[in-house]
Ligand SMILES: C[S@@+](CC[C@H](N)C(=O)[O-])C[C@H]1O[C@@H](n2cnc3c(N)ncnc32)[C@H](O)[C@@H]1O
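The data below hold one chain only, encoded as structure tokens and taken in the form predicted alone.
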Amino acid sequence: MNTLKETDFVRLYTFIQKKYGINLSKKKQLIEGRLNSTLFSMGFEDFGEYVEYILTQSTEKDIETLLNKLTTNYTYFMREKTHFDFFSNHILPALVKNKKDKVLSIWSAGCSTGQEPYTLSILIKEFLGKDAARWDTRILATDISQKVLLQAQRGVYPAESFKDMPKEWLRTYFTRVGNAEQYEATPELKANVIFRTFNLMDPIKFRIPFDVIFCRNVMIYFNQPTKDALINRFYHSTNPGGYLMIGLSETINKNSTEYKYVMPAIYRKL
């Protein structure tokens, strides 16, 4: 197995952190283990050649392969159910009561393979019922990886991904794919989610601010200054009274944000 020289390691993790916010400064063994097969498949003899290529000649596809190898896109429907309960029981009733324009602006940032935005779409449809047609409920779902976004747009998932979802929802919003133990989101559900490529290190310049931003289990890869800067960008992209939800294992530096703590992993812009 090829080993990664310290100088090449520093060059690589510095590049990744500056461009994509991902902090791999303590992950030398992980990088070596996960990228050795990439070196072989691309015809490089050692990490030095590969790192030089990545920093000077790489394509978007090369970078995507690199990031996919070094990060984990593990998720499933209804993951961290506490957030979805709060969204259904507290946030949605208030938004529906107060929104005169009948537009819900919700962002799933770092949406991975799409289970989170599809879950949110189902919750909205269940809450609004027959009134759903009178509302613009499309959810923006972004990720840096085109690969996972293509999976999300396809909307096909194995049966185990639905282990925490009510069976009635599975029957209503998904159809079984042939004889396989897989299910595909209905066209109506797919149409309610807008998937886009977006790097969270970039300025946030979407057309309207958001009522709710979900960014869960994404910032585990970021160092504290990167997290603080991203939280600040989220804050300025949130409507007054809007919410930010992060992963249950994540925290926000309360001294560096204007968001107010509501409950674990849920914050609000007052």
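Worth saying up front: this structure is predicted, and the values here are computed from it rather than measured. A residue's number is simply how far along the shown sequence it sits, counting from 1. Just so we're on the same page, rigid core means the largest C-alpha set that superposes within 1.5 Å between forms.
We do not show the form predicted together with this ligand, though everything after this point is about it.
The partner is absent here; in the predicted bound form, the one residue of Q151, T137, S161, T71 having a heavy atom within 4.5 Å of this ligand is T71.
Checking Q182, T172, N199, S88 for any heavy atom within 4.5 Å of this ligand in the predicted bound form turns up a single hit: N199. Shown alone here, F44 lies farther than 4.5 Å from this ligand in the predicted bound form, counting heavy atoms only.
Taking the partner from elsewhere, I213 is found to have every heavy atom lying beyond 4.5 Å of this ligand in the predicted bound form.
None of the heavy atoms of S105 is located within 4.5 Å of this ligand in the predicted bound form. Mapping the unseen interface onto this chain, N217 counts among the residues with a heavy atom inside 4.5 Å of this ligand in the predicted bound form. Look at 54 to 62, 218 to 226, 32 to 40, 203 to 211: in the predicted bound form, residues with non-hydrogen atoms within 4.5 angstroms of this ligand sit in 218 to 226. Of all the residues from 2 to 38, those having a non-hydrogen atom no more than 4.5 Å from this ligand in the predicted bound form are Y20, I22.
Shown in the overlay between the shown form and the other one, fitted on the rigid core, is a CA shift at L67 of 2 Å or greater.
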